[in-house]
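Below you will find one chain, with nothing else, as structure tokens; this is the form predicted on its own, and questions on how it binds or moves follow later.
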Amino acid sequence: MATVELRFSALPEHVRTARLVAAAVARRAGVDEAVLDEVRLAVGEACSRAVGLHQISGVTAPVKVALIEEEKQFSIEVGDEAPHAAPGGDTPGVQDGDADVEEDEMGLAVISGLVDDVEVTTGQNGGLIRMTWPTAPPAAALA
């Protein structure tokens, strides 16, 4: 199992770099070429969401991205350290913002539309989006 970890300041200009690195590592891991655009878009959406949550909450910690190559699958985890509200509850340190909630829900809907295997966990200490894609066996194994 190989893992590449990225940490970047919660600034929108770093999202592009995360997308490019994710696509390159996914390609190396054996993710189908036809799916790489979806990987790029999903990572961009997840990272943009994390950056936005950090900025809204005033969190100065970096956004974390883990690119995990496992047998027969490739996963990307995007983590934030922004406090998340419990369902129906208020988020500590964040003013009411229906527009922010709608934007967050839209981002998660986009990710869910791009990735078949998505897991979202949130809590008082941050959140994590784990996205997983199947990988093809190495070309040598097919011969």
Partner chain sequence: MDLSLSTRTVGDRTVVEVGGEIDVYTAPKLREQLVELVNDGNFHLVVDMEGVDFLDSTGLGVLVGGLKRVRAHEGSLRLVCNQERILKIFRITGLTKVFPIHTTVEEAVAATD
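Positions refer to the first chain, counted from 1. Values in this document were obtained by computation on a predicted structure and should not be read as measured data.
Missing here is the form predicted in complex with the partner chain; even so, the following discussion is about that form.
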> Pick from Ile56, Ala66, Leu114, Ala29: which residue has any heavy atom within 4.5 angstroms of the partner chain in the model of the complex?
Replying inline: Leu114
> Might Leu41 be said to contact the partner chain in the model of the complex, defining contact as any heavy atom within 4.5 Å?
Replying inline: yes
> Gly123 near the partner chain in the model of the complex, any heavy atom under 4.5 Å?
Replying inline: no
> Does the partner chain come within 4.5 Å of any heavy atom of Met106 in the model of the complex?
Replying inline: yes
>> Can you work out whether Asp37 and the partner chain are in contact in the model of the complex, taking contact to mean some heavy atom pair no more than 4.5 Å apart?
In response: yes
> So, Glu5, Arg7 and Asp80: all three within 4.5 Å of the partner chain in the model of the complex by heavy atoms, or not?
Replying inline: no
> Counting only heavy atoms, which residues in 13-38 are within 4.5 Å of the partner chain in the model of the complex?
Replying inline: Glu13, Val15, Arg16, Arg19, Asp37, Glu38
